[in-house]
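Here you get one chain, nothing else, as structure tokens; it is the form predicted on its own.
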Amino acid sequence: MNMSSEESPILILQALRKEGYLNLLLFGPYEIVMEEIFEESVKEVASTVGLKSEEISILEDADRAAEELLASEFERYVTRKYNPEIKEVLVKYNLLGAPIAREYGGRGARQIVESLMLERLGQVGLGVITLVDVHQCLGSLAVQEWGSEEQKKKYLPKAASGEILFAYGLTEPEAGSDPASLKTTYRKEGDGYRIKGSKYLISNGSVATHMIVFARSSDSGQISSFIVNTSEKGFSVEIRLEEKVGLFTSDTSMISLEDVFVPKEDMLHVEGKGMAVAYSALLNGRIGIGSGCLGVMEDCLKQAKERARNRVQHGKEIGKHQLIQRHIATIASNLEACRWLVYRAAMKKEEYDRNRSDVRLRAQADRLSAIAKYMASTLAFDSADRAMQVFGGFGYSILSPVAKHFLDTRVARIYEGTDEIMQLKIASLELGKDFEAYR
């Protein structure tokens, strides 16, 4: 915390109260000093829902980690290389286990704190967000929400420390937006199972130590989920997908499973209920992607404003040209339009987490996460496009600070639910189950 010994906690609290942040009393006599836009987000959330001192500490660590990652992310992005420093820095600041319960070695961050953390990391880029979102939202939280007590004790402390890095093996060459059509199969053998098939477009695929894999029973056809050790015989990386439009600092791979053995105790949840695990994880992940896209919009706004103030054309700063102002206004509006969509989804997910048997809350959280992900990813891409326009010719260079966001955000409209699937999901949740456009 950044508070000198001369500063009175009472004076700080009085100043916060005067500014209208009454609920900041909930996290004690601390001063928040972070990146400017992010600091405003934290104060706004704190004034609404309250944040405790340990939660502020997580967000301060996220702020420091983001600053530390800037240089390596840019260097790796320009050279189109996976960035191993993402994991190293997140381990250094104890962020990989942020949402894992304290009893399993994590920091116990609730969903709104996780969202704020990802928002700050999103300012650096979606390469960082992808690693964290997959490891935490799709991996660790799946184990925490669906795993046995033995699985939680076995995997979560190592996931929190970084000894384990998760990937999420749902998508296949023939099963993208329709995961229920997956072809990967498993069969029982001895004290476990053998899994055979391929997984495609897997983030963290070649760097993960463990993968949540979904497969169909060769006997019953039911889909189950498994925690697979990537060092097992038969598990191999077929292709590292480097010829991507963007997301260069994130690992994306195609995985082959040739009769990979999984002990029976590593089936996640119960047999035949794999899609419940998959959809629950995607709910978490969509809030994560939406949160990261907030950070992207924040950085686009910051970069575009700086360019508009300092770039001179036709005898004046380009920010004085009305059409440039239109881009700045739209980016700012995009950000504010999405901010509380994401936060509200996060808070509804928290409410559902406290009442896991409430089907109505589950549907509400699902609906809001789909809306947040759809809107934030779409408007982040629009914001990056507009920021490039403000930068002009330099914006088209891969060396500009906004081209990275333009390339990276395109995939945000595809992975963890395409725009089209999100729209269909939102509509069916509005109209009712009888109106589902797909099953």
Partner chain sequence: MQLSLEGSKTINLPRERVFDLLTDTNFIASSLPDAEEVNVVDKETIDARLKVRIALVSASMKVRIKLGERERPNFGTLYVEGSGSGSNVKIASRFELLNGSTTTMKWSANVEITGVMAGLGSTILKSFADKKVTEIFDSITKAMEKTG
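These numbers were taken from a predicted model, which means no experiment stands behind them. Numbering follows the first chain given and starts at 1.
In what follows, reference is made to the form predicted in complex with its partner chain, a form of this protein that is not presented.
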query: Exercise: E306 in contact with its partner chain in the model of the complex, heavy atom 4.5 Å; finding: yes
query: Residue contact check: V78 to its partner chain in the model of the complex, 4.5 Å heavy atom; finding: yes
query: Heavy atom of N310 within 4.5 Å of its partner chain in the model of the complex; finding: yes
query: Its partner chain contact at V245 in the model of the complex, heavy atom, 4.5 Å; finding: no
query: Candidate stretches 410-418, 368-376, 386-394, 42-50, one within 4.5 Å of its partner chain in the model of the complex by heavy atom; finding: 386-394
query: Interface residue in the model of the complex among W340, Y93, Y279, F74, criterion: non-hydrogen atom within 4.5 angstroms of its partner chain; finding: F74
query: Contact residue in the model of the complex, from R107, K302, H210, K348 (heavy atom within 4.5 Å of its partner chain); finding: K302
